[in-house]
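Quick heads-up: the structure tokens below are two forms of one chain, split into structure 1 and structure 2.
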Structure 1
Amino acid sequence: MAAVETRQKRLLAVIALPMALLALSAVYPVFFTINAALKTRKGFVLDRFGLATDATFANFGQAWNQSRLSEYFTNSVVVTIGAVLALLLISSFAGYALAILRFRGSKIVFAIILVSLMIPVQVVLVPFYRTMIALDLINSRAGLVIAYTAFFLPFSVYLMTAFYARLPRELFEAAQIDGAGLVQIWWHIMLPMGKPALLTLGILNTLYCWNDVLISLLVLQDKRTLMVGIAALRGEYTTNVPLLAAGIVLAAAPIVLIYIVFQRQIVSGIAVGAVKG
């Protein structure tokens, strides 16, 4: 018995070491960024990896005001909220139609959505950019909201369709017998029951829209979102690393807060998309 316990302890020790190294590799970049943001430019040059003995918050104020991050932050908030609301509304309607109504050709439509998930964004950037120019949507927040909605809609529709397909069809049939219309059934039955999936979808799409750089860089060329503004803090030949680190901390703070508050919903989102066999 003692030999078995000794083997288990040794096995746990062997497993714990690489896990500890993995955790350190994830935590250290966060610590380094925050520590660098608290240093002056001179202090960082003299000692890059040491603790910030001359800690200052001046970099945060300079990044927020002088580097126009406050303006970029507003752009990101407006665009993200607009895109997420549009994605939730459209995907909820589409998932309801594909999973519950099952109209003629619904399987073909769902198959097209699945295929579109396999197409990389980079493949369609040229026709996408030409379309945006033709529609005069370049340098507009509305254009970026439409772009985010278009690019992230296939995944959203897939998730909502998979969730609604798991619900008992008897609920829909019973509501029809009671005389409820299709919109009434969606509003009073499907939408309330779909809140877990909608919450997960809202969190995921918020992260996608907030962290995006490529699509935002193409659409908002004069205005900028926060992530594009952070990238612009890098100079061509030299970079004020403490200022850049402060900008990164400011940009990451809302996302970290979302992860902390909604971590259970994010993890449960993996199971939400399981299709009923």
Structure 2
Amino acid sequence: MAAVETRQKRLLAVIALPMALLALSAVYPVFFTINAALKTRKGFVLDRFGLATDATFANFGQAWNQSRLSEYFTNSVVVTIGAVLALLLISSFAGYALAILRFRGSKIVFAIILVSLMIPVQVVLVPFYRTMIALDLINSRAGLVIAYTAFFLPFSVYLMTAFYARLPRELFEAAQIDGAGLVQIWWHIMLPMGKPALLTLGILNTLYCWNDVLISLLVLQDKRTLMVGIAALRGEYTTNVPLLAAGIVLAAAPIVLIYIVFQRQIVSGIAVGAVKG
């Protein structure tokens, strides 16, 4: 038995090698981006892969000013936080209702959510824009929060439903026998139990909202978000890669920082939620 265990350990160690290579390939773009951001455009054209020898920080300054990042930063933060919170709350409600409560018609509701997951964004652009105008949501951050919530909701509801459906039903039934109300069960059982899925959704939705360009372009035309500012750094013909790289480093830095700082909480959060069964 011990032999089996050591053999497994050895096997895992061997597997770790290709995994480390893959990890290296995943880190490379980060290195490349930072390195490119430190070059001048001319320096980059002449030598694309070499180390930036005369490191310049001018690109960061230019990206900051040209894409008016300071102005757009707040918009991105406010909208992302608002939308992610709304998404988590609404999808945890809906997941609970669809997977646990299972009212009459829940299958149809789930089907509608599924269908909406499959609608290509391009086809809804024009009617979506008209709806936003009709509801007077254009050019407001609240409008963008609503738009993001609506666009990323099907995915979130689907994940929460799949996750809650996985939980043993006895948990719910035991709580009911204990006399807990259905709202209490949501608050005391479903939310804590859903933590791994909610954390995952939190990460993914933060990324979606933070990185979105198209929806933001349509909804916020006066105030813009960070990624729109970055996207505009690409000209019609030229992509000034060092400038763009600097912009991307600036825009991705907050996300990466949050991820690194909260890495432990996220990890333990996912572990705590594990079902002790």
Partner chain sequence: MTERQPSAARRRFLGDNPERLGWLFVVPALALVIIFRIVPLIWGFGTSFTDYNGMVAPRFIGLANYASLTHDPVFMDSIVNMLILLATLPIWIGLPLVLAILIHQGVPGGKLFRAVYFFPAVLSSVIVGAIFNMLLRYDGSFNAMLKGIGLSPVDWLGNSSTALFSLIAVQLWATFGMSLLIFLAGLSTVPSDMLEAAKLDGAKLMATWWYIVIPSIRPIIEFAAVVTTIGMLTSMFGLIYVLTAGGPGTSTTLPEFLIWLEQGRMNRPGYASAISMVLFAMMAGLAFIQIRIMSRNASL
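Whichever C-alpha set is largest while still superposing within 1.5 Å between the two forms counts as the rigid core. For numbering, take structure 1's sequence and count from 1. These numbers come from a predicted model, not from an experiment.
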Between structures 1 and 2, the form predicted alone is number 1
Could you check whether the CA atom of residue 217 moves 2 Å or more between structure 1 and structure 2, using the rigid core for the fit?
-> no
task = Establish whether a shift of 2 Å or more occurs at the C-alpha of residue 250 between structure 1 and structure 2, with the two forms superposed on the rigid core.
result = no
Align on the rigid core first; then say whether the Cα of residue 36 has moved by at least 2 Å between structure 1 and structure 2.
yes
In Å, the rigid core superposition gives a C-alpha shift for residue 53 between structure 1 and structure 2 of 3.7
Superposed on the core, the Cα displacement of residue 26 between structure 1 and structure 2 in Å comes to 6.5
Using a rigid core superposition, the C-alpha offset of residue 14 between structure 1 and structure 2 in Å is 17.0
